[in-house]
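Take a look at this one chain, the form predicted alone, written out in structure tokens.
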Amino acid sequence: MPTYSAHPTAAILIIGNEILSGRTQDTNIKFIAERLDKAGIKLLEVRVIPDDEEAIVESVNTLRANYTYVFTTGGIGTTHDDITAACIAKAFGVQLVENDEMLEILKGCHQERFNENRRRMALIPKGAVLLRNKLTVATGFNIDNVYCLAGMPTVMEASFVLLLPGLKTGVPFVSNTVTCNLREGDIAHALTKIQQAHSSVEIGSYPFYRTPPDIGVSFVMHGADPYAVNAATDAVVAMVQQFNGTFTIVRF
């Protein structure tokens, strides 16, 4: 399989009991992953954990030690279960302090509706930098290689698009897709040989079963070298033709 030594790496940490219970469907992973891919930052791990101090601290410390960037979403609001900021402070061994800039922003926004609950939003780890967005005064923060974002997708997205240009990036990844009417089990051995011959390209195999009876498989060739991705794609097309299959192809 390909290595990514030339690319920055990343992990996503989704924090929230509501995700784990199924009450809320996460869309943040897809949004972040797609943009990291285009920026040449290789997403290598995603974790979903509860609003639990021990779980957050352990996960943050493990991930930040293993990857170039860590992106967290969730748990930075005004309620009792919004404990991410305090946990990040504990993970880094720093104090949770009131940020003067954020405090003034909150006071100016809420005015007579400003209260102690909203004031909690100004508490961030000492030394952290605010992550602003153009949608709302609600903000995340960055400390070292950890970026803490809101769980609400619209707010998270607004913050992420502004922070992304400031990250170290790599050669963008590209993908081709070949969809055919063959069965995965019939071509598995041939596909393995193609993967071995094109080791710098990830080749994913995704079978589908649709109604009316429509059985087949989609192959996704993914990598940083467009020539290698196209070469692997051509090999997959030749394999499909060898098995007398029909196919469609979408190139980057």
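Since the model is a prediction, treat every value here as computed from it, not as a measurement. Start at 1 and count along the sequence shown; that's the residue number.
Although it is not shown, the form predicted together with a further copy of the same chain is what the next lines describe.
- Screening 122 to 130, 150 to 158, 164 to 172, 89 to 97 for residues having heavy atoms within 4.5 Å of a further copy of the same chain in the predicted complex returns a single hit, 150 to 158.
- Contact check for residue 40: every heavy atom lies farther than 4.5 Å from a further copy of the same chain in the predicted complex.
- None of the heavy atoms of residue 142 is located within 4.5 Å of a further copy of the same chain in the predicted complex.
- In the predicted complex, at least one heavy atom of residue 34 sits within 4.5 Å of a heavy atom of a further copy of the same chain.
- With a 4.5 Å cutoff on heavy atoms, residue 241 does not count as touching a further copy of the same chain in the predicted complex; it lies far away.
- Along 15 to 54, residues 17, 18, 19, 20, 21, 22, 23, 24, 25, 26, 27, 29, 30, 33, 34, 37, 43, 44, 45, 46, 47, 48, 49, 50 each place a heavy atom within 4.5 Å of a further copy of the same chain in the predicted complex.
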